[in-house]
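Encoded as structure tokens, the following chain is the form predicted alone, with no partner shown.
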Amino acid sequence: MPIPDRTDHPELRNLAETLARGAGTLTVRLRAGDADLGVGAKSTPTDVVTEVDRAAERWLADELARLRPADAVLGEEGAERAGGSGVRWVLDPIDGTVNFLYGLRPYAVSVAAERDGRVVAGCVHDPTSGETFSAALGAGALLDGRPLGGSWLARTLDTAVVGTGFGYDAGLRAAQGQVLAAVLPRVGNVRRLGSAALDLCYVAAGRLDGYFEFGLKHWDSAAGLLVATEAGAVVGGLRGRPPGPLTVAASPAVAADLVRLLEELGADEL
């Protein structure tokens, strides 16, 4: 698909960075305070949400209403607004809420901008490290302002370090566990970080050689997929499909073999 002839992708990326960092600062401040985190559950008892998730999303939506009132908004915690500009912002105020709640690293704020349904800019910010991954369509990927891409270590799947994640439903996790048990002997090692957005950015940065996960939501992956793609990773689903229901991102050296393995295991049919 040709890249739309737009000159504002870097501008949207810069705003995504500003927003993600601002929301990240808010999450750190609220986590360090004495206020009740207001823990609740969504789809299952293990699918947790906190009042900090909601507060960070409100802050993001309010900033966008102030700065770009004509843009649409879609947020994980319910923020939604129609717009007439052709731009929609996709917000995940805390990707990795369980890590956030337990005081584990990492978690992330993910902010992406779509134009006419295509992600053209995005930022994934890790408040626990201060690292900021960002990308603009056709302009490459950055980590704290430095270009990303091409730094993968593994040349074959059997030496690759591969990331993954699990759903919240117990039955789904059991099926994902069976897939992972079959993947483990075929790769170098496996990591489970707890934030899909950062998993994708870690592929972009060469910290993971590959990553796969079933059942990601759009706000989980919108910014991270753009960062990985712009860094030169191979991104897609299985059987020639785009990402979803299974999302795969990997270095060019191992992507084909990882996809082939996951297809053999039916990892997109859980």
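Heads up: residue numbers just count along the shown sequence, starting at 1. Since this is a predicted model, take the numbers as computed values, not measurements.
Although not depicted, the form predicted together with D-MYO-inositol-1-phosphate (IPD) is the subject of the following passage.
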{"property": "Interface segment, criterion being heavy atoms within 4.5 Å of D-MYO-inositol-1-phosphate (IPD) in the predicted complex, picked from 163 to 171, 128 to 136, 150 to 158, 110 to 118", "result": "163 to 171"}
{"property": "Heavy atom of Ala61 within 4.5 Å of D-MYO-inositol-1-phosphate (IPD) in the predicted complex", "result": "no"}
{"property": "Exercise: Leu216 in contact with D-MYO-inositol-1-phosphate (IPD) in the predicted complex, heavy atom 4.5 Å", "result": "yes"}
{"property": "4.5 angstroms heavy atom contact with D-MYO-inositol-1-phosphate (IPD) in the predicted complex for Gly75", "result": "no"}
{"property": "4.5 angstroms heavy atom contact with D-MYO-inositol-1-phosphate (IPD) in the predicted complex for Asp220", "result": "yes"}
{"property": "Neighbours of D-MYO-inositol-1-phosphate (IPD) in the predicted complex among 92 to 109 [non-hydrogen atom within 4.5 angstroms]", "result": "Asp92, Ile94, Asp95, Gly96, Thr97"}
